[in-house]
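Just the one chain here, laid out as structure tokens, in the form predicted on its own.
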Amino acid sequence: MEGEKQGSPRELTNFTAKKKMKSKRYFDEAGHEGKVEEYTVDVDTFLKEQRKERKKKIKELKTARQEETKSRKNRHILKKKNKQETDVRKKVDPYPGDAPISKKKLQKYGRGEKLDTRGMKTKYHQDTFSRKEQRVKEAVRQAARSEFLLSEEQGYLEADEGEETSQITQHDMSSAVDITSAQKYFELELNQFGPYRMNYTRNGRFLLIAGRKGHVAAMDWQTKKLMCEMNVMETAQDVKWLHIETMFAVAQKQWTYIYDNQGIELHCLKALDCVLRMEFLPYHFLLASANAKGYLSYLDVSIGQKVAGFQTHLGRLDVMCQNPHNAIIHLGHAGGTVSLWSPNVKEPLVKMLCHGGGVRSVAVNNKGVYMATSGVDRYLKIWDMRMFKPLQNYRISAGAGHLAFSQKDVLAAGIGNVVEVYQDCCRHTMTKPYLSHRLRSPVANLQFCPYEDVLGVGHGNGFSSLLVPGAGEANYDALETNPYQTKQQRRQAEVKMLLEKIQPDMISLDTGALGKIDTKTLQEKIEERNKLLFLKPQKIDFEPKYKMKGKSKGKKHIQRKKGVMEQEKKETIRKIVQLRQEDKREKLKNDKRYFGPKSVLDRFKKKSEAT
């Protein structure tokens, strides 16, 4: 061939028309044609071999790439490890995963025993109840885990060997604690207008005091900033903050007045006259008051209307407190009884005989489980409000005129001019007080400051703020009560409280009844149906009057008697028919077919089908 270069012999392959034939030609170095060899080759086997070789090459390439990527990853991991070893700030967590939760905390937030799903009929109900159990478990876990976020711890007081905590004075305590805590112990000497009643706001930030002779003052007691000060020029029996710190109520000699935080009179409540004690229910916006005439009244502050009012017929009402758990009002009486009241019932829900003499003071803890009472008989009693039975019975030196529970169930008692504080006196029997403080004048009022280890005492010579370690809740909920809220937050909180206001009809002893559905039981439905089906005419004993001129003979006498009885039977039958017709109408209303589309041909249907 002329166009080709000389060189090593080439191999030329040409497939002929036949499937299994292949020809090869060889050329020498001079380019002369050599011998021609013809032989047969199977094409399918040849193609298979080529495919196998390709697959092998592809596998080799893949393995090589994988090895390269692995080597790169290993280099990257080595670089990271070297960085972590060199960089001190980036530490590896030695305890990965969630922190373990103790069994005590899980039991604390537990919701009863687990449901047994084995006895259920269908698998659908078993699955639904098992899902509910899983949700409950997760909720309990989250509630127990939330305690890790409560960073603050409750305070406490420990005495040295041979000493008792009741021997430690307030001066010793204030000198030992830090500056901010030492500033919380102070006294206001107000000798002219006492004795003083006092009240803290729900967030524990503001203080309100009122003297018997008309002196009223509101202040931020932590910064000692005075908000307002005035004299109402008549006797002030009691004072209470309302839902926020911009409004407060003062029970004066004749009427009850509402003022703002600048001392400006907003309202005169003539419906509340001769009031001796007041309690404000924050979730219901109700101002409950008890007066000298034995009258208990409830006034809705949001609308300014009187909701309820009852005459107790139990004399002068000067002992009063509220149960923060269910908003029930507790009243103490001269006969030694304590009565529980709700605005929905005109009579007391519960009446307890607590003391042999008159009741001097009553207090209920925040959870509504324990009630403390003191009487003229010099006894201090702790009651379990779940069973209405006494738990503890203490004999004290004199009848405690004032009692108050803290957020941690620490009880303070005002006995004359001495204030005694008892720690955990409800569950365990105490022999000695936790703290004791003597004043120069008799105690007029007691209240623990929320979220602070402080006890406020109103007395004849003014006001005293005492330190009580372990009395207040260490961690507060800012969405519920925020001691550091701004003006904008206060406005938003007021609007939210008004939107979430609870109606007074929902106040009851059993708080669990609020979550239940008010439906008729099967027994009640059967009884109502039986009244309609088996209603019989009543027997009538009628004796006609005696008449003259033969009108009361035997035959006429019986005729008159039968006529009256038949008339009564007809009236009872009419009533039965009316009741049954009403029952049918109710069934028709409840029937879905009653609301279905009607046609013109419905008039040709039978009565049984139509109904």
Partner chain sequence: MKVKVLSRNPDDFRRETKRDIQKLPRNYDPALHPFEAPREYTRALNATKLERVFAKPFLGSLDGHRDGVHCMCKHPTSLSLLLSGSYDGEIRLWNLPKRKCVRAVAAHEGYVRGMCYNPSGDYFYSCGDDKIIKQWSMEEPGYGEHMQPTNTILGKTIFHAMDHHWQDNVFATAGQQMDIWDEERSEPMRSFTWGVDSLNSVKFNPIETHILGATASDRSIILYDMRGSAPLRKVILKLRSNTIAWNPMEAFMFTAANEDYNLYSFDMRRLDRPLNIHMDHVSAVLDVDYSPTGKEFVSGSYDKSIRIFPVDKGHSREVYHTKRMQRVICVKWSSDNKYLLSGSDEMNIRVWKARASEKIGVLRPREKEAFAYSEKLKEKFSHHPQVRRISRHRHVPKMIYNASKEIREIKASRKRKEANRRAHSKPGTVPFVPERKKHVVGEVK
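Fair warning: this is a prediction, and the values are worked out from it, not measured in the lab. Basically, rigid core = biggest C-alpha set you can superpose within 1.5 Å across the two forms. Numbering follows the first chain given and starts at 1.
One more form of this protein should be noted, the form predicted in complex with its partner chain, which is absent from this view; the next part is about it.
Interface membership of residue 479, defined by any non-hydrogen atom within 4.5 Å of its partner chain in the predicted complex, is confirmed. Interface residue remark: residue 514 is counted as part of the site for its partner chain in the predicted complex, having a heavy atom within 4.5 Å. The closest heavy atom approach of residue 387 to its partner chain in the predicted complex falls outside 4.5 Å.
Of the heavy atoms in residue 341, none are within 4.5 Å of its partner chain in the predicted complex. With the partner removed from view, the residue among 128, 311, 134, 475 that has a non-hydrogen atom within 4.5 Å of its partner chain in the predicted complex turns out to be 475.
Note on contacts: among 191, 254, 102, 489, the single residue with a heavy atom within 4.5 Å of its partner chain in the predicted complex is 489.
The stretch in contact with its partner chain in the predicted complex, judged by heavy atoms within 4.5 Å, is 151-159, chosen from 392-400, 151-159, 94-102, 377-385.
Contacts to its partner chain in the predicted complex (heavy atom within 4.5 Å) from stretch 496-510: 499, 500, 501, 502, 506. In a rigid-core overlay of the protein, residue 253 has its C-alpha displaced by under 2 Å between the shown form and the other one.
With the core held fixed between the shown form and the other one, residue 388 has its Cα displaced by under 2 Å. When two forms of a protein are overlaid on their rigid core, residues whose CA moves 2 Å or more are considered shifted, and residue 125 is one of them between the shown form and the other one.
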